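The data below hold one chain only, encoded as structure tokens and taken in the form predicted alone.
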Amino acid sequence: MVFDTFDANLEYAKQLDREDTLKNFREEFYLQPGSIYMDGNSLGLLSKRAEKTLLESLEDWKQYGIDGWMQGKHPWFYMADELGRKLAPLVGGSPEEVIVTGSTTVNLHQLVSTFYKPDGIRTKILADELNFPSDIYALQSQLRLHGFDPDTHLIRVKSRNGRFLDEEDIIESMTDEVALIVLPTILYRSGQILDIKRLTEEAHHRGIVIGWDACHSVGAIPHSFSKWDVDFAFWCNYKHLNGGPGGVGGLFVNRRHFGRMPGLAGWFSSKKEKQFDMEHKLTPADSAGVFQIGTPHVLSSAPLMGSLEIFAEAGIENIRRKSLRINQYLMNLIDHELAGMGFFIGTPREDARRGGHVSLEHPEAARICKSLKENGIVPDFRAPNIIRLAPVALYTSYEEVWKVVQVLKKIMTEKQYEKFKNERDVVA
């Protein structure tokens, strides 16, 4: 996104805020005085509506006890399905194809146990070397459960520069030995968006099932999972969707896979009307609900009810438009103000390839992040040298972005970072 004009002065940032069509949503969130939050790609902030729906579910428990499963403001028995309906537009699926359940890694285990069917020479799983470690651990575990050695059966596409993946390299790795592909929609370090549509088509052309880790894309960019014929996807809801720490995850399964038994069945895999028959033979749900395993985590699902109301009102296309603009503004400021200070923007510059955060590389990244926190700015550090900054469309202002870059400039000019060790804290 190219600005018609660019000005590094504060007044220009204030002008952009005045023109911001989403600026009123900032009032929905709990923003701390004297602090600038730039870590919404790791944990989104609490909104007043998320707080409200959580308190409503607590009230339902208080008032109805066990009858809260069918009564109250948000009946628990149907909560996961209702959240799936609310989430469906954000991932480009039908309501029946989306369910809110489990956690990212639990859902990945469920989906791999369902869709990984080694047969003949097709025994390998294709992933990438830049993926989030939890996904790799899960895939290694699933291979071991099938009696395969992950060292030989988990293929990880190499990155040419340690930042990005080349789609051509991924396609070249789609050999006739691959039974399943699992890739990230957005790389968690660099923020690169992969070409989901193209890679899905290439996988299907070779007869390979493909699934997507959408943790860093849901709530940040529009999706068309059904239209793109994606087999499955999974994600967390606590980053861009602001569902709360440890919040329940979500998954998408293409309707052409309905009727398939889940690899890991459980009570909530049942058809709703049959669940309480207590039979020892599962009558599977004819929707993505079949991929639920256990009882919904009601109190960590409830905040998402309120949060998704905000997304429905703001519109994901509008959110994406501002996200691109405010992140471009951040990069323009970095180029202008921090030149010669050792920083490198390790995020794609092209709109179509860039997600919702900017990765700023520096040899002293860990120390700089600590100094940012001392100055009232909350960044995110990824070893060994990445400062992730995430201006969030719903609650970050252009003026805040301007201030962050000015603080970075001051930290570097005054060498404030030198009093800290260049190593991460226990939680980075």
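Nothing here was measured: the structure is a model prediction, and the numbers come from that model. One-based numbering along the sequence shown.
Keep in mind the form predicted in complex with a small molecule is missing from the figure; the text below concerns it.
Undergrad: So the small molecule isn't shown here. In the model of the complex, which residue out of Q71, N332, T105, N318 has a non-hydrogen atom within 4.5 Å of it?
TA: By the 4.5 Å criterion, the partner-contacting residue is T105.
Undergrad: Which listed residue (C215, L111, L304, I99) meets the criterion of a heavy atom within 4.5 Å of the small molecule in the model of the complex?
TA: Only one listed residue qualifies here, and that residue is C215.
Undergrad: Could you tell me which stretch in 132-140, 161-169, 117-125, 174-182 has residues with non-hydrogen atoms within 4.5 Å of the small molecule in the model of the complex?
TA: Among the listed stretches, the partner-contacting one is 132-140.
Undergrad: Indicate whether K239 is a 4.5 Å heavy atom neighbour of the small molecule in the model of the complex.
TA: Contact check for K239: yes, within 4.5 Å of the small molecule in the model of the complex.
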